[in-house]
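Just one chain is shown here, as structure tokens, and it is the form predicted alone.
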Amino acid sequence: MSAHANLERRRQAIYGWLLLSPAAVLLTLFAFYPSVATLWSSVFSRGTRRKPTEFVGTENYADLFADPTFWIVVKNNILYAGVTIPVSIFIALSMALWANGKIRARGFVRTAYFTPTVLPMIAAANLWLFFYTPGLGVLDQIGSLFGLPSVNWLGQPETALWAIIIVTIWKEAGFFMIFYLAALQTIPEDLKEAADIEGTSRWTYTRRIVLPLLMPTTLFIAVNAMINSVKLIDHLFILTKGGPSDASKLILYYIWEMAFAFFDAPSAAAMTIMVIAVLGIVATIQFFYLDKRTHYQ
């Protein structure tokens, strides 16, 4: 009996490892190994034909902290994330609550909200370039009807980053709405009927019942929005290229610039490691903080 039990356990262990192996191989090839290789590259100097690469420890990290452009990029990304994440989530939740209600042309409304998400990043950026072009753009054409002067939205430091933020919110809100919409449809109708019997207002029902039940979805969306906030690069290539005067330059664009424009791969690797570390810390804090307020059933 004992031998048979051991054989059964061994079979289950082998079966479990067979199920795990495809994900483990993919994670190793595309996540773990690149991360280790990037960390290794970040502690070596940039090699040239005359001067081969050598171990420098944390020198690349120290050089980044001493670089004024680095702090401009960090400030830009903090502002970008601090605005796009909460605003996108709020708009997505509002759209989902409305699109989930009993309204006319509900299918059309959902499709209209989701349409910006299915557009390719480059196509969406070119579309907004048509809006932002000074003199000829849609925004300036509307402003001219009210006697407002032409504004170079993408060409002045005061407005360039905000213009990118608006594009991101427009692009991401519909994507996040789909998750909220799916979560709303899992809430039992019995809860709404019981709230109606008790004479509960729509606002109280939403605040006391719906929002707590949506917390797992909110946590998932918040983590994804945070990751998205440091990987924007497509829009910058089309709209501003990080300018003017680094006013709209974000972290991933700066990493690309260091690696492929300045050919400084070790510095780009050092910044990548810092981004991974910060994302890991923030995600951990989000999970521990929001998990206490999350209802999974």
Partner chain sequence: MKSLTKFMDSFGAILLAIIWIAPLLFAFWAATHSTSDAVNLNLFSPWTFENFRVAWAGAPWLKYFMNTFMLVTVILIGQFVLTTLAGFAFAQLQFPGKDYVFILVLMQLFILPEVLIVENYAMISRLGLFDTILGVGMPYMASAFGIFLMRQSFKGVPVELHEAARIEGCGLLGILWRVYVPLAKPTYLAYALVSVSTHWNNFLWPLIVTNSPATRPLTVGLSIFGAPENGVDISIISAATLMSVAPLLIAFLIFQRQFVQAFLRAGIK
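Rigid core (definition): largest C-alpha set, two forms, superposition within 1.5 Å. Since the model is a prediction, treat every value here as computed from it, not as a measurement. Residue numbers count along the first chain shown, from 1.
There is another form of the same protein, the form predicted together with its partner chain; it is not shown, and what comes next is about it.
Across the proposed site, Tyr61, Ile72 and Leu219 without exception lack any heavy atom within 4.5 Å of its partner chain in the predicted bound form.
Put simply, of Ile178, Leu184, Leu79, Val151 only one has a heavy atom within 4.5 Å of its partner chain in the predicted bound form, and it is Ile178. Interface residue remark: Ala225 is not counted as part of the site for its partner chain in the predicted bound form, having no heavy atom within 4.5 Å. In the predicted bound form, at least one heavy atom of Val109 sits within 4.5 Å of its partner chain. By the criterion of a heavy atom within 4.5 Å, Asp234 is counted among the residues contacting its partner chain in the predicted bound form. Pro120 belongs to the set of residues with a heavy atom inside 4.5 Å of its partner chain in the predicted bound form.
Proximity to its partner chain in the predicted bound form, taken as heavy atoms within 4.5 Å, picks out 26-34 from the listed stretches 242-250, 51-59, 64-72, 26-34. In the core-superposed comparison between the shown form and the other one, Leu29 has its Cα shifted by at least 2 Å.
With the core held fixed, the Cα of Met274 is displaced between the shown form and the other one by less than 2 Å.
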